[in-house]
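This document starts with one chain, in the form predicted alone, laid out as structure tokens.
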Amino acid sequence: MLLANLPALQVVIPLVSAPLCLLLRNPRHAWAWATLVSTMVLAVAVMLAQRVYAEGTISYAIGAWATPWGIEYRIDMAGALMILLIAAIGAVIMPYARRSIRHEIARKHITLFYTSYLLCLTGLLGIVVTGDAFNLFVFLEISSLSSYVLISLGSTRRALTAAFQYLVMGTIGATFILIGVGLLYMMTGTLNMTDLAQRLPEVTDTRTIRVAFAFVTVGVSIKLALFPLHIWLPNAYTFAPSVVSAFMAATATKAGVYVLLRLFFTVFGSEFSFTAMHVGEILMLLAFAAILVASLVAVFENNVKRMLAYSSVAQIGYTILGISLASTAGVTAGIIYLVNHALIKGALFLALGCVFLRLGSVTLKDMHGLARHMPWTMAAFVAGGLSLIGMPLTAGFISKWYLVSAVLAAGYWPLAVLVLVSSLLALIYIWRVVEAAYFNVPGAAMHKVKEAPASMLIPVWLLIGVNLYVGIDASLIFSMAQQAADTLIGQALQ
């Protein structure tokens, strides 16, 4: 009975657990509860991924109402990979969060943080498992509203400004998505994504469907921070608490990319999306701009969190570049890049959280000589930076290898050159951090700085270890990503 209800439990467990964090009041008890819930969510995600890998797509009818009249939870390999990624990141950051949050957030707000975190986790998991277009909008808003709260809890007043800017942009994106979903319902009379995919071919030549496609595409692009709709992201990542920056960088934008994949291939179909609407060419152009412009901006940033934020905009460009090819190889490369970048950027932001704990700053001028006092933290940052650049034997190399292979197979060799050039730009901005920490003379106050506690270092190195493992043996992640791409492309061809 329990195994049959795993798709519902994936969402229900964190949803009903979130209010309890406020009732517990004691920050230590709230942390312990959130950590336990995150571990349970990961266990459910692992069991679901194993079932999907072995048996294929899972369909779960909420309340035993048959689809398409009732709400369906539907998990294929793409969804299983995403819930596994989101749940794993959530479980890894929770042991880290206790010390970091105690340092960065006022005690009276700590239980609010854990409540908002569990609600955000609920929303992100719901986005992935739901098979209903309106439910997708609801879960997007659950994750977004809780994200606004999480960002606003940052240690400076600028966190409030960043949260408000994200709220404004997020509200515009949500409105666009809701209008698009409403137009789809008006033309088809259904909200179930599988049912939508079957009914849409009859009305795809209408102006209403084309407008609906445009609305949901722009709305989701705001949510995932696709260039030039990314203006909310740099401030949000920079001024949010360190744990929030790591969690959002590793999960929130990735869930947005997943929604885009689901809409283009499952709902509208690749024929309509990439042939009739020419979205591939548009995405390719925006990806090109994101990779080049954001990488150049990152080179000149002195706040390392902001540097990594602009790097994330560029990395989203890489993922979108793979998707824009609309081929099995391209979508596989995009999914691999999505997963590996989550691991890389999660580790880098957590390493910066260790720096902020001991130094109270993450600017380059304050990090001079830091490696002598925090060798393990800076070694983790260097390892993550090498993966971000795409050095061999790292997850980043695997991501760029598959992406370049897919681009060359499609005949776009200038884009392959762009990937190599942007890797050199990544080398420049990562080297600026290495130079400051390893080769510059430390300031007078640096002698007071000591290494981060083990409770924070272990999660950082766990993500770094997975990065290195994937760089050596990527067979499992490639197999899952290829199966996910085959499923998406196959749905589009039906």
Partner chain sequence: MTGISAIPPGLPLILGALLLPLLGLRIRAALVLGLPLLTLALIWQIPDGVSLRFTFLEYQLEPVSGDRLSRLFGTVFAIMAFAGGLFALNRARTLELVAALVSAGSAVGVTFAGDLITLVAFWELLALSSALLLWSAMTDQSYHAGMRYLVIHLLGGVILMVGVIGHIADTGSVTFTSMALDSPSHWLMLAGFLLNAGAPPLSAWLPDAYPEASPTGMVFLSAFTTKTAVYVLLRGFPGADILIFVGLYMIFYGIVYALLENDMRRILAYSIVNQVGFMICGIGIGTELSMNGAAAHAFAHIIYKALLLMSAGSVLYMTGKRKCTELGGLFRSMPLTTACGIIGALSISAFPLTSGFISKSMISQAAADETMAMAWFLLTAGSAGVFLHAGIKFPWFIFFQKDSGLRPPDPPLNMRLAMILCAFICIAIGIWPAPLYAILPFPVDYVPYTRAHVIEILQLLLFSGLAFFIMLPYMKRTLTITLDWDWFYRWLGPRAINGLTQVLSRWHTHRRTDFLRHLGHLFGTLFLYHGPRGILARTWATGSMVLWVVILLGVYLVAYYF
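Numbering follows the first chain given and starts at 1. If you're wondering where the values come from, they're calculated on a predicted model, not measured in any experiment.
The form predicted together with its partner chain is left out here; the points below concern that form.
> Three residues, L9, W33 and A197; all within 4.5 Å of its partner chain in the predicted complex via heavy atoms?
Contact check failed for every one of L9, W33 and A197.
> Quick one: which of 344 to 352, 279 to 287, 93 to 101, 373 to 381 gets within 4.5 Å of its partner chain in the predicted complex, going by heavy atoms?
Flagged stretch: 279 to 287.
> Decide whether D366 counts as a contact residue for its partner chain in the predicted complex under a heavy atom distance cut-off of 4.5 Å.
Although its partner chain is absent here, D366 would stay clear of it in the predicted complex, with no heavy atoms inside 4.5 Å.
> Even though its partner chain is not shown here, does Y114 get within 4.5 Å of it in the predicted complex, heavy atoms only?
Contact with its partner chain, no.
> Under a 4.5 Å heavy atom criterion, is F213 part of the interface with its partner chain in the predicted complex?
Judged by the heavy-atom cut-off of 4.5 Å, F213 is in contact with its partner chain in the predicted complex.
> With the partner left out of view, is Y310 within 4.5 angstroms of its partner chain in the predicted complex by any non-hydrogen atom?
Contact with its partner chain, yes.
> Tell me, out of W232, Y337, F247, F268, which residue has a non-hydrogen atom within 4.5 angstroms of its partner chain in the predicted complex.
Of W232, Y337, F247, F268, the residue with a heavy atom within 4.5 Å of its partner chain in the predicted complex is W232.
> Let me know the one among L84, L263, L224, M169 whose heavy atoms come within 4.5 Å of its partner chain in the predicted complex, would you?
Exactly one listed residue reaches within 4.5 Å, namely M169.
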